[in-house]
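One chain is shown next in structure tokens, namely the form predicted alone.
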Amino acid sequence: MDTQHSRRVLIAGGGIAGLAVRRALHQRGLPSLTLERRSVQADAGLAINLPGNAVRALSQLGLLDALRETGSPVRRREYRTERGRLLFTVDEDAFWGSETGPHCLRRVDLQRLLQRDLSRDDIRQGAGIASVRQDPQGAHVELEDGATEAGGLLVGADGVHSTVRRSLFGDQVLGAAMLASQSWRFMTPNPGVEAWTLWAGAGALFLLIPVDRGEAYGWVSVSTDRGGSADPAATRGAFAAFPRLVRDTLDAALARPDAIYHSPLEEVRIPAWGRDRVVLLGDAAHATAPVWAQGAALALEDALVLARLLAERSDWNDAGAEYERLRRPRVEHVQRMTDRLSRTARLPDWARNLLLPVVGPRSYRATYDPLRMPAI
């Protein structure tokens, strides 16, 4: 490999994880080439909730002021029963502090932020990876159009169904999330919610988060025993006992089926996140159910840690192993807390409603307290 490419990082995936790696590398003065198989960005109309650790990571990427100019702050959480009774609230501003308080914005706006003030000369759309090979100096990829690219390291930031992960470890079966069997996402006119608000029933969850411009982000999940299927219209019965606000909002979303995105709840828990000059990052390495909204947050942190390691060393042979050593404890903490709350969500209504006013605030603190510490 020539000297020009020996310090270049190839990034598979131009979504949030890949763009975060690209920006973090740029901050450190390291060149990269991002290869995105799609010709256009996906899920542009949907939103994403960013807990405080994600906001801190964006601040470290130089984007805090720009973030505050779009979307909406999330200052409070409300957990309610399927009948609408308030179980408990969380003052997120008080927990995280005003500087790094949670924020909700459209995914496309987050993608634009991550590309802010950067040239697009090092991003290639419509560049799917066909195969990967390594040598002692780096990684080489062949693209679906027959072109080849080389770099000192390949970062697989290509999501739950990662091509790079498959090239390393084969077709490992993805794990199904414990939370539920099916979920859907959509944008809707805000029916009047002012906080992150979750209604929970037996095997059915309904979440609304205010975004901006009079809209809210909706997320719905249903377990198989409540009639879960890939057809969102089949979920209506699971929400028959929920408040009118929920049922009317669901009906309005179902009236626009093309604007509802099916989201199978799949998890990635694998024993290794890379090999030699290929590393996995974000969902490709550790996708988890959206219980604590840590998908993007962990990916942003991954990017910062990996970029720092690569900038600090001339030999990248063990950079991937060191990155995994630093990041895995934090990820496994999120996975443990995800499993714990998922088990609570599957309790009978009476037991869950009895326990959550006490267990819920404790779980929130137990999950997020360690995440208030900076990743780097």
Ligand SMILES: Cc1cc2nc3c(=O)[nH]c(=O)nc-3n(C[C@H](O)[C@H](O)[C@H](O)COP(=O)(O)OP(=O)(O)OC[C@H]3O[C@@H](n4cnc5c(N)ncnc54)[C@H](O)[C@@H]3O)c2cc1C
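A residue's number is simply how far along the shown sequence it sits, counting from 1. The shown structure was predicted, so the numbers you read here are calculated from the model rather than taken from an experiment.
Note that the form predicted in complex with this ligand isn't included here; everything after this is about it.
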Notebook entry, point to check: Is there any non-hydrogen atom of residue 333 lying within 4.5 Å of this ligand in the predicted bound form?
Noted result: no
Notebook entry, point to check: Does the 4.5 Å heavy atom contact test between residue 28 and this ligand in the predicted bound form come out positive?
Noted result: no
Note to self: Residue-level question: is residue 301 within 4.5 Å of this ligand in the predicted bound form, judged on heavy atoms?
What the structure shows: no
Next item on the list: Spell out, yes or no, whether the shortest heavy atom distance between residue 264 and this ligand in the predicted bound form is within 4.5 Å.
Entry: yes
Next item on the list: Look at the candidate spot formed by 139, 320 and 375 and say whether this ligand comes within 4.5 Å of a heavy atom in all three of them in the predicted bound form.
Entry: no
Check: Of these, 241-249, 74-82, 152-160, 93-101, which stretch puts a heavy atom within 4.5 angstroms of this ligand in the predicted bound form?
Finding: 152-160
Margin query: I need to confirm a contact call. Of 203, 232, 175, 290, which residue comes within 4.5 Å of this ligand in the predicted bound form, counting heavy atoms only?
Written below: 290
Notebook entry, point to check: Looking at 310, 35, 61, 337, which has any heavy atom no more than 4.5 Å from this ligand in the predicted bound form?
Noted result: 35
Check: Looking at this ligand in the predicted bound form, which residues in 112-137 have at least one heavy atom within 4.5 Å of it?
Finding: 127, 128, 129
